[in-house]
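Only one chain comes next, encoded as structure tokens, the form predicted alone.
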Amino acid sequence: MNDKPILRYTSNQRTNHWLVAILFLMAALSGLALFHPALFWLSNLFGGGPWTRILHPFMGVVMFVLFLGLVIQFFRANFFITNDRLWLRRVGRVIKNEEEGVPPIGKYNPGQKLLFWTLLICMLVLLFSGLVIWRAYFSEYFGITSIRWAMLLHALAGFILVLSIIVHIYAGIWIKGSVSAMVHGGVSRAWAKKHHGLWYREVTRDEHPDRPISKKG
């Protein structure tokens, strides 16, 4: 059987992903600097307080635009299907790396799909609340009550987003091969068949999913 790696992410998708990751880190650090006086020292990374206040919203907008590019490419693969519900019932076996008997899933597992929609919601909240509190351009059009609510929602969405990214990084490291896929683009057929059976069948058109994958000597 052909043991050529399967393309999981194109070079454009990988570049987009890492640009979003870099901008997220910069926006998070600058946001933390503005969030509490005890963290204001982080503003030194961006040239001081004034520059941090100037750059933070622009970085956030660029991050959202790039993230939207990922959403457009991946949102169809993140719709929930029947097997996802069955997969969640046996998630304990997945955690133990005992995936035999676990229903096959598509390109993304239910945990990844939940993360995808959580990130999208948080990004939207951050964008619109950020526009409300963006003093240089938009805050003058809103009352003080609206601005206070926007600041609260912005902080809450940012907190959830940071936690979600931490989970994303941990899961990527925990499932061996996930980080490599986002670096190099390809995954082995054995990896795809084990972790994303339905996607494996779709991209390889394998009509015998239970057939072992042979390797060239």
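For every residue, the number given is its place in the sequence shown, counted from 1. Nothing here was measured: the structure is a model prediction, and the numbers come from that model.
What follows is about the form predicted together with ligand HEM, which we do not show.
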property	result
Contact residue in the predicted complex, chosen from 62, 165, 34, 26 - any heavy atom within 4.5 Å of ligand HEM	165
Listed residue that, although ligand HEM is not shown, lies within 4.5 Å of it in the predicted complex (heavy atoms), from 134, 80, 74, 128	74
Partner proximity in the predicted complex: residue 178 to ligand HEM, non-hydrogen atom cutoff 4.5 Å	yes
4.5 Å heavy atom contact, residue 138 to ligand HEM in the predicted complex	no
Contact label in the predicted complex: residue 142 to ligand HEM, heavy atom within 4.5 Å	no
Ligand HEM contact in the predicted complex: residue 116, any heavy atom under 4.5 Å	yes
Stretch in contact, per heavy atom within 4.5 angstroms of ligand HEM in the predicted complex, of 34-42, 152-160, 66-74, 51-59	66-74
Sequence-ordered list of residues in 102-124 near ligand HEM in the predicted complex, where near means a heavy atom within 4.5 Å	108, 112, 116, 119, 123
